[in-house]
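One chain comes next, on its own, written as structure tokens: the form predicted on its own.
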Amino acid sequence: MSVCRPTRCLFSWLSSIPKPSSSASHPRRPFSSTTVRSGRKRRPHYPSIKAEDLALLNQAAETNYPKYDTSETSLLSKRYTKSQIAAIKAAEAALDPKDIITQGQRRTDPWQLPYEDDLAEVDPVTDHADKLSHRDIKGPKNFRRANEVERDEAIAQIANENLAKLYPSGVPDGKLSPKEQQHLEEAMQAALTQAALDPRAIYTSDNPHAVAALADPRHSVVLPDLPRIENRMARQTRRLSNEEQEDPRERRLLQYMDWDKKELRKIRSKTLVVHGVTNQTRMGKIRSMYYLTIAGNGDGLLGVGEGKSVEPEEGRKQSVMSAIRNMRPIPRYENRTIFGDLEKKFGATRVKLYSRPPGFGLRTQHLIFEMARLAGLQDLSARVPGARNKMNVIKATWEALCNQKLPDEIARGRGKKLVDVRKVYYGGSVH
């Protein structure tokens, strides 16, 4: 008899005894000296603010974010409509200045918006200019190439405008220091260069609005991009589409195949076999990954490639490049099936392929199905009666498809016409 049985009987007997009421029970002695959770004093989630601190917060809020007075409201009524003023007042009433002081934070990034900005003007840093079309140009829109006199006058006028932007208070005159003189000469040279490249100096028109549209970025088809933040991290992480790192294996493959990148992108590949291999050396066991990949264009080209490397991605790339390099043309009858029945033995694996009529489809195992689809075959059936090792099945199928006997070759070998050979070779059943 088990020792646990009397114990279970004892515990079941004790559980049947009615429990005493809570009023008659004595308080149990706790195992820990820590006060129970119900008896602890709850701590506030947020620190309490004292009266003097609150007075300071109110004073700072009133100083930094004062309320609108009567004069400011009258100025706002001249600039905004009644609905806009009502929206501004509602927003001001919803925001508590004390919350802005305690929880708010001033932005320091380059894209910060000033608090006093009413967003009425377009900022060249943070905003895109509105695009305008030819319908926005008033008057005729005829242009002609300017002659030498008109070109010189336009360059002088545009250069003066550029200098006025560089020196809003006027070009400095009198005796200048060498540094100021050098800065002035560089500014004049830059203004003249920009004026010579300006389209208003090359083309002219009788309509001044049409001439002004030549230098207006809003009439540009491609607006300039927003300026980027120039720092070390931005320069390192910035990658343009034409600055992508080129794989040396891909470059050698393109030279070997005499292709361009557009033709290489049409090739589809699929990895069918992946397993780990171990190489025993004097330094110990070195584990690497083996990949078997097929590649094809879906229109009569098929290749098989192998790759092995310690790095998985490196081994996969090796197999893909090898499969593309080993692609061979696959003969197809009516661009949909094979020429007759095929049989190939590779190692202990035997593969039998059968041609089928239109609409039959691909009724094969998954490895042969993927190979037939990449080769562009549509009607095919297959059997693998022997061993079904994946690598041997793929290699046997590839060699069987590549080494088909064409009716033309049989006709030349037998000295007969093509029509007679097709009739005899297919037994009168031509699909």
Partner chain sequence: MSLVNLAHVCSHLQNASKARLGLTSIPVSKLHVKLMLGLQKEGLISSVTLGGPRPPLPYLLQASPDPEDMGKMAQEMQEEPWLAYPSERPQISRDAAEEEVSQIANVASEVYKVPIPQNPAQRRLWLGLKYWNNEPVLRNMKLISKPTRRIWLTTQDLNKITRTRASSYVPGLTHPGECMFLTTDRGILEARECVERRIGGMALCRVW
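Numbering follows the first chain given and starts at 1. Being a predicted model, the structure only gives us computed values, none of them experimental.
The following text describes the form predicted in complex with the partner chain, which does not appear among the structures shown.
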Report task. Sort through 385-393, 401-409, 63-71, 368-376 and report the only stretch with a non-hydrogen atom within 4.5 Å of the partner chain in the model of the complex. Result -> 401-409
Query raised in the report: Only one of Pro331, Gly347, Gly104, Gly340 has a non-hydrogen atom within 4.5 angstroms of the partner chain in the model of the complex; which is it?
Result: Gly340
Requested in this report: Give a yes/no on whether Lys417 approaches the partner chain to within 4.5 Å in the model of the complex, heavy atoms considered.
Outcome: no
